[in-house]
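In the block that follows, a single chain appears as structure tokens, in the form predicted on its own.
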Amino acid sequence: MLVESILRSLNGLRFVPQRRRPGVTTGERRSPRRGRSLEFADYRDYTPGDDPRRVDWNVYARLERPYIKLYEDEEDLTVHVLLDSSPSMQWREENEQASPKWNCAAQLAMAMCYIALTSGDRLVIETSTKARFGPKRGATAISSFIEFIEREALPAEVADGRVPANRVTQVTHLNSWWKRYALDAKPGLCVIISDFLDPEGYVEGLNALGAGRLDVNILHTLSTAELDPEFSGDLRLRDIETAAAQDISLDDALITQYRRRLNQFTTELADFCRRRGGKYHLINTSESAEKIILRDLRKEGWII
């Protein structure tokens, strides 16, 4: 997990939502609704029943027509962090004690949640095994959030290509998970952390989240071995989620075809996300979460 010094470097950062969404309670974000803050927004015609104290009498003196002053309302932003905890996210080399891919994804999730809580936003985080934390708001929730991450977002023991029996029934497909989540999600900003490796795809799920008035941003997490495989020769590959085996002869031509299809896969996902107003960032999970957040995501306007 992220050390305290890295968490301190995230203080003062806040998310940049693509558009204003109505919040749940009073907060620090401008709302699409009009309210009673001190920041002027617009005028509208006076109608019987309006509070006379809101009439701009200076405008009335010039135009001889009463206008009501409207002010910005300030509400909280709901930040939804959806962390894919399926076995493919926890893949590791045989000589590795832990999964660098999962470690990076869990650290990114912790950082996103920490930024939301310390900036006054309302946070909900859910994993693909349906473990959920929130909604919570404020820095006072950080300790209980860290306990949740340590308890629920730790990697499953995945060894020799076999999935532990107690995990098989918990993992759901991305489309099913996101369609269910969208049913009762409050409008706001949604950050998805996933490798998007699912035989059923992702289109229906992302469409459901967008239809639920969520602005979807994607952190696409792939390991170095997935981005630039160095395997060769006759191999037996085993699907870490289904345990299905496939014998292949891996040569330069097949590697070239793999890279072409991977580029098509990431490009299509990025285009799909951006056409709907979201942000997309492809991550090599060998990079540090601190560098990804403080360098890449700030440069791309995810946070300020």
Partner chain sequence: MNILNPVALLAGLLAIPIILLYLLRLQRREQSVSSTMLWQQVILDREANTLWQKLRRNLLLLLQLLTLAALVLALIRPYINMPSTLSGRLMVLLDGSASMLATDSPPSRFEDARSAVGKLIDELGPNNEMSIILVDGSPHAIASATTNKSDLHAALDHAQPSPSPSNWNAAIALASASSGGTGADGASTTVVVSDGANAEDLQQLAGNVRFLPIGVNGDNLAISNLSIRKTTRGLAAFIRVTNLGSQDDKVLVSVRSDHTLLDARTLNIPAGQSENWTINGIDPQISWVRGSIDEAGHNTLLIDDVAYVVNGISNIRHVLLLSPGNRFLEQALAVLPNLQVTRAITPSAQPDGKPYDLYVLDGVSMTLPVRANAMVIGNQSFFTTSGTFSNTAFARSEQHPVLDSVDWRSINASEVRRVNAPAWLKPLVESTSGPVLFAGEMPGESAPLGRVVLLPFALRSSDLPLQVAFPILIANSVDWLAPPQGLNIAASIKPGEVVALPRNTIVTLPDGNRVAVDQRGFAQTDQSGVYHASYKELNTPFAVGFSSPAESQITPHPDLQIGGSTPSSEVVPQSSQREIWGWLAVVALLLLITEWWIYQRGVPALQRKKF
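As the structure is a prediction and not an experimental result, all values here were calculated from the model. Positions refer to the first chain, counted from 1.
Although not depicted, the form predicted together with its partner chain is the subject of the following passage.
Scanning R53, R62, R275, R236 against its partner chain in the predicted complex with a 4.5 Å heavy atom cut-off leaves one residue, R236. For its partner chain in the predicted complex, the listed stretch (140-148, 103-111, 224-232, 116-124) containing residues with heavy atoms inside 4.5 Å is 224-232. The shortest heavy atom separation between D247 and its partner chain in the predicted complex is within 4.5 Å. Proximity of F196 to its partner chain in the predicted complex: non-hydrogen atoms within 4.5 Å are present. For the chain shown alone, T267 is not a contact residue for its partner chain in the predicted complex, no non-hydrogen atom being within 4.5 angstroms.
Residue contact with its partner chain in the predicted complex: K69 places no heavy atom within 4.5 Å of it. For the stretch 246-284, the set of residues having any non-hydrogen atom within 4.5 angstroms of its partner chain in the predicted complex comprises Q246, D247, I248, S249, L250, D251, D252, A253, L254, I255, Q257, Y258, R261, L262, F265, in sequence order.
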